[in-house]
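Taking the form predicted alone, here's one chain by itself in structure tokens.
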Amino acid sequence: MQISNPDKFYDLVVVGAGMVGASFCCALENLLGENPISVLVIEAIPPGNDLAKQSSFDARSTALSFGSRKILEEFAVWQELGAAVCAIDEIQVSDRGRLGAVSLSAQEQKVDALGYVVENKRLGEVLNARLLGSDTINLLSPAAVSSIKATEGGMQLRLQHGDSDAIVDTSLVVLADGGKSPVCEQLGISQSIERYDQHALIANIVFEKPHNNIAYERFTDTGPLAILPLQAIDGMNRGSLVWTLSVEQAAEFREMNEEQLLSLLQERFGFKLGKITNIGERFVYPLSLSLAKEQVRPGLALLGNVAHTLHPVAGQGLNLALRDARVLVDVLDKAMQQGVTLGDMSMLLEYVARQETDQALTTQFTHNITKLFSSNNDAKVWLRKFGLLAIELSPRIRHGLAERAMGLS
């Protein structure tokens, strides 16, 4: 529920109500119902039907793994998404102009789907509705954290809400306010950043032929080019494009007229889905690997892009964050059962320990694919050829890759 004046103390304060922060709140509400705690959510963008201003809910789409579906079902979010979700029945991976291709299918893996694609706007509507309709979670928006400091019992925040200020004490702050977190800067938590010297051009596109629920990952001379299936609208065969480009190309392609851009895209992708007839509004983002040097402190935990920002090549960013959120809720539930304060460092270190391997493997998986398939070095080209061939010929290796893509490994 939305409030106008916060209380002086909350057991837990969540900073940021984007996809990660709001999903975490849904998990709290759903899984901790028998142990209610006081929760305050602070969000800079006011909730409402116009989500364009909220960066995590813009015109982009998100690939959700099969594992993320199971998590969102637990959170009672999946059931609300309805027809907005498009299943991925098959993933086709290829290297443009070279031998070697891999096909992963839901049928072979004996699952309903390898993953799903949902438009961020629809996911945002569902999550916002849950926050506004909650009887246990308080939402203060628009609001911002003007200062934060550690206290003996956790954290103290000074909040700016309209023309008024408020001071709130809490046992635990869960920081989910994005990769460029001003709160993280205030706390002096630094990031380890490796820039890829690449940008992602993201847009919705329309094809001549239906996609048949197939996702395409095509590696080109500029880097990975992914096309994800979207639900058809008004008879249009739609897909979500994520096109990795050099810095120079990104600036050029963003301003290029539609006819020229479609011609270049058609050349890079080919005619598997016939002619590409339309491209929507274009968004361009710089790409980097960013890892927080601290994910927890007494009274503080980081979630989502503020903890780890990954290359979008394998669509792992939000899926990893949802697994993090699920484990963090488990740890907080354990803390309450044991009578331990939510911001207790030993409990937060247990969360880090439980997710350390998952985070490391997912980060390295994404990073290594990016490096391998964004290079025209002869040795890496040959490694790609043999690697793709080995995966295609070995059901065991293919199953392992599929499990990683589905968030089940």
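The first residue of the sequence shown is number 1, and the count goes up from there. Not measured: the values here are computed from a predicted model.
There is another form of this protein, the form predicted in complex with a small molecule, and it is not shown here; the text below is about that form.
- In the model of the complex, the small molecule sits beyond 4.5 Å of every heavy atom of Trp78.
- At a distance threshold of 4.5 angstroms between non-hydrogen atoms, Ala176 is in contact with the small molecule in the model of the complex.
- Using a 4.5 angstroms limit between non-hydrogen atoms, Pro312 touches the small molecule in the model of the complex.
- Within this chain, Ile45 lines the site of the small molecule in the model of the complex, having a heavy atom no more than 4.5 Å away.
- Of the candidate stretches 332 to 340, 194 to 202, 211 to 219, 258 to 266, only 194 to 202 has residues whose heavy atoms lie within 4.5 Å of the small molecule in the model of the complex.
- Highlighted residues Thr62, Ala143 and Gly317: every one comes within 4.5 Å of the small molecule in the model of the complex, counting any heavy atom.
- Put simply, of Leu300, Val183, Leu72, Val126 only one has a heavy atom within 4.5 Å of the small molecule in the model of the complex, and it is Val183.
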